[in-house]
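Just one chain is shown here, as structure tokens, and it is the form predicted on its own.
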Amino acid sequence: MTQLTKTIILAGVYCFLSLNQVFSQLTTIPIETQHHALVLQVAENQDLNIIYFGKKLSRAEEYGQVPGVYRQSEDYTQMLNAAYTASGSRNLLEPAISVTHADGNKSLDLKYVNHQQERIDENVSQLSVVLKDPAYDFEVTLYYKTYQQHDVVEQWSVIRHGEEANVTLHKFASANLYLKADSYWLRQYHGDWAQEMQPEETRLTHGIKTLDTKLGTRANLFQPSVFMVSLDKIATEDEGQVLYGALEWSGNFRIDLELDPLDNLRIMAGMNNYASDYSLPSGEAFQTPAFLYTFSNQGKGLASRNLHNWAREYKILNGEGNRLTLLNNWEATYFDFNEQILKGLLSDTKQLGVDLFLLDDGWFANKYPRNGDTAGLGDWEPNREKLPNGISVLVEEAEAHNVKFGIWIEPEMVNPKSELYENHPDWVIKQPEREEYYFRNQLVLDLTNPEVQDFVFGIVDDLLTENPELAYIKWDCNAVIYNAYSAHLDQQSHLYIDYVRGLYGVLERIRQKYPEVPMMLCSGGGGRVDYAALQYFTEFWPSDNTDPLERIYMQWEYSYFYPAITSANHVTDWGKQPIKFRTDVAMMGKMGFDIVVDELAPNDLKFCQQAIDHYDTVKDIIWHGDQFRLSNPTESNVASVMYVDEAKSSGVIFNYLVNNRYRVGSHSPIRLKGLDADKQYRVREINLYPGTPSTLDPEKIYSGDFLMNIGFNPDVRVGRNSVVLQLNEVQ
């Protein structure tokens, strides 16, 4: 080795050590959960950067050394990894925030001022980091709320200024993440009515991939606001690094995923800035919705369970509580019913054995009776021809049958053929100079208007005041916003944002007065499903498509992000499968029925009654246990999903044949998960159709070790298309 070579090597080592020393002396801010870390660092010029995202290190002091071990190409801007990327200064890529100052200047440069850590309880902490522009009285506070045991982080921003006049916000992301890996794989979703949660998984390439919606309401109709990113390779259920992301917002959203020139991934997520420039007065605060994420280095299954546990404890209304099984009249009657027919259905509810009868659409309006979807929406008085004695007599009839009574409403929408529209055309979102254009024969009410907010609150308040025993509300939302214009607003670009804020204001008032009443979040199916809305609702309606074969796939995909207790699954006449198959699929969540009970064959009715009894024995495990996806319907002839209680002593396993080709079935055992290897278990089949014996031996005992490493064969095949297993520890 020549002296020159030695000198070059020593110089390189010296530079490396010096660089690490510089980084270690900078202010480093770890944001840690039990297993995951996002690490911020303040540069010498007071820029706030992200230097690490991934598995938590055992020695927090070593995070500061992370930048020194990378030898990537030059970052010309020195802000590719900014914690909250501003536009108009030296940034060359997609910004998280873009503004026009009071003097017309469009540049923004955010510098670190200070940070503060607050311990909320043993599990929850909140970090706030203040950034300020040195040239303008303009600041952004970044918030990071960590849920230690759940490995979940919520991130949002609060924007303020003290300039002499209004500042216009052009883009205002909630979060700005920065990930390093060799490759990135995006799992996203698309759909339409009755085709919700259709997955696509692709490798991210250079440029920007944007997931967004511009529908105003029913925002998830074509593009849900949930996604996942796998690092280096596509994560499986039990292996690989994966980030789950979701925006807690019920309106237009935008998620940008940009692979930068250094091959690192930048993620910006927040409200969609489409047609939404926001004029912010001096001294006021603009708070963005929370973007939540969880990270797992042990595959998608762990990420789901973390999110489920977090959601039940912190986000979903009564997430750790009970739910009501129900019978809905929609497919039995549609709009064609009267008081006597409904009384008969209340008797059927009792006979079936469920908790509640739900009266769906068509019960209201008189001048323009609600006998179809073309009239009456907005006129929320009982239809005198159908219900001459109002709703109260039905609530009383339900009580006489020892069942509860619930009702359907769609309070955000209006038919043009309605008294509400005639009396308050200024309450409707529509362009004054353009022809009206309808979605399902209806328009959207302007929830930016406080008078409209009072009206919508009054719909619920009047129903519950007049009928205090009313036990359930199905809140539907079927229209999107066309011809966006508010007669109430001076700033039309505020409409999409202030609409959602108005909706939340109404829901907040409802929950302040009626904190316990269960409500289903419905939007023509899964058109509005997110964790901001689920703070006010006990469950959501995944899809109007209740074909059980289709639902297996939909419920599988929803289960990545939402726990089973939130998924309202009904047994209906959709599909060609027998009643057992339809019921078994509906049991994978909060079960209900939408069938004509008095038309069921005697054995079908007997099966449904027995299935409800079986469901009562396992529903607590389904709703509150850990979920394990065992066999993927897109990769196998058999779909299999398992739920296990916290003690690992009881479980339930749903198995379905999803391919009817010749001789397909569960040829190999299915490995179970989540058990105690040292415990002994008995597995028996439940939910058998009357007169049908099980092919499985209910007396055999297996160790958890055997069931997890060898597996159990449920004997799924043609003729045994759905098999439900109950697993119990043997003492």
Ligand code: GLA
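Quick caveat, the model's predicted, so the values are computed rather than measured. Residues carry their position along the shown sequence, with the first being 1.
Unshown form predicted together with alpha-D-galactopyranose; subsequent notes refer to it.
Colleague: From the candidate stretches 127-135, 348-356, 541-549, 618-626, select the single one in contact with alpha-D-galactopyranose in the predicted complex, where contact means a heavy atom within 4.5 Å.
Modeller: Partner-contacting stretch among the options: 541-549.
Colleague: Heavy atom within 4.5 Å of alpha-D-galactopyranose in the predicted complex: which of 457, 504, 156, 408 fits that? Just give me the one.
Modeller: By the 4.5 Å criterion, the partner-contacting residue is 408.
Colleague: Which one of 474, 161, 582, 308 is close to alpha-D-galactopyranose in the predicted complex, taking close to mean a heavy atom within 4.5 Å?
Modeller: The option sitting close enough to the partner is 474.
Colleague: Indicate whether the candidate residues 412, 448 and 488 are all in contact with alpha-D-galactopyranose in the predicted complex, with contact defined as any heavy atom within 4.5 Å.
Modeller: No, the candidate spot makes no contact with alpha-D-galactopyranose.
Colleague: Taking alpha-D-galactopyranose as it sits in the predicted complex, is residue 522 in contact with it (heavy atom to heavy atom, 4.5 Å or less)?
Modeller: The answer is yes: residue 522 has a heavy atom within 4.5 Å of alpha-D-galactopyranose.
Colleague: My question is simply whether residue 440 lines the interface with alpha-D-galactopyranose in the predicted complex - judged by any non-hydrogen atom within 4.5 Å.
Modeller: Taking the distances in the predicted complex, the answer for residue 440 is yes, it comes within 4.5 Å of alpha-D-galactopyranose.
Colleague: Examine residue 178 and determine whether its closest non-hydrogen atom to alpha-D-galactopyranose in the predicted complex is within 4.5 angstroms.
Modeller: Because no heavy atom of residue 178 falls inside 4.5 Å of alpha-D-galactopyranose in the predicted complex, the answer is no.
Colleague: Going by a heavy atom distance of 4.5 Å, is residue 397 a contact of alpha-D-galactopyranose in the predicted complex?
Modeller: Residue 397: no, not in contact with alpha-D-galactopyranose in the predicted complex.
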